[in-house]
Ligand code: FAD
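Starting off, we have a lone chain in the form predicted on its own, written out as structure tokens.
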Amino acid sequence: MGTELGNYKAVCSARSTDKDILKRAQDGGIVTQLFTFALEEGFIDGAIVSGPGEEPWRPRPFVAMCKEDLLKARGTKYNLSPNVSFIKEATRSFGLDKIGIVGTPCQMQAIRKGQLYPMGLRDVDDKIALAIGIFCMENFSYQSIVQLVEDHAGQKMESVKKMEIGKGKFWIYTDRGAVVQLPLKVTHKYEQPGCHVCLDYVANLADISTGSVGSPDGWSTVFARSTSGQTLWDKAVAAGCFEMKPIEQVKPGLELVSKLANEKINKNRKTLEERASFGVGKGLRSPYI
């Protein structure tokens, strides 16, 4: 595969072996299981995750210190949670020396920039022990999610138990068993404008990145990217935390991941070129390709 998938040491399809985690997991429960194992093994002493906020499906960052905390944060919320802004809080208020953090590709980029040029992360840049990235094509503001769920799908936000994007649709599942699908052509106008200049689909700069694309339903594709990420992953697999299959033995496989990553790059590169043509973002290029 080409550079659209970034550098990685290993890739596979996997899911958690913990039934509690899988019960309400988005797909394979990778992030929740990995953070649980990392906490138990002392690899990290807390994880910045996206937990429930004051409004339904509006996430807020909080520090998870145990499995019970992590279970409150499982599942994907398709709007922004400012996890990176919580790094200083995690070190100063919680006294953490080894932080785990999960985020989108742009958040992984912010973390690495902060470590390279720690003007805003002074004294805490070396405390990030584990960065887990999630695949992301685009994201939405909270108000956009409300409009999609309530105006387009005709559902109450508080009745939703899961949302996902896949197979060309935005899926909404409710507690009472309703399943509503919206074509992605409906959702496009609600996307965050900043997503249209991002050239990273698979969180190239994470220690470990994961997402559903490429794996069967209920499983996730996992890239171990850094040396520390691969070390943790190998230990978690050896401890029986995950079922694992070679990516070559599952469908749709890495080919689909590569296809979507390229689609994002090609589509958003056009936006960058358009901006450059009238002097905005001139000379801007991706650090990934």
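The numbering used is simple: start at 1 and walk along the sequence shown. No experiment lies behind these values; they were computed from the predicted model shown.
Below, we refer to the form predicted together with the ligand, which is not included among the displayed structures.
- Heavy atoms within 4.5 Å of the ligand in the predicted bound form are found in exactly one of 69 to 77, 169 to 177, 182 to 190, 153 to 161, that being 69 to 77.
- Here is the short version: of A236, A261, V49, I44, the single residue with a heavy atom within 4.5 Å of the ligand in the predicted bound form is V49.
- Only one of C136, L205, A90, V149 lies close to the ligand in the predicted bound form, with a heavy atom inside 4.5 Å, and it is C136.
- Contact annotation: G103 falls within 4.5 Å of the ligand in the predicted bound form, judged by heavy atom distances.
- For L232, no non-hydrogen atom is located within 4.5 Å of the ligand in the predicted bound form, even though that partner is not displayed.
- By the criterion of a heavy atom within 4.5 Å, I128 is excluded from the residues contacting the ligand in the predicted bound form.
- Among residues of the shown chain, L272 is not one whose heavy atoms approach the ligand to within 4.5 Å in the predicted bound form.
- Counting a residue when any of its non-hydrogen atoms is within 4.5 Å of the ligand in the predicted bound form, the hits in 187 to 224 run Y201, T210, G211, S212, V213, S220.
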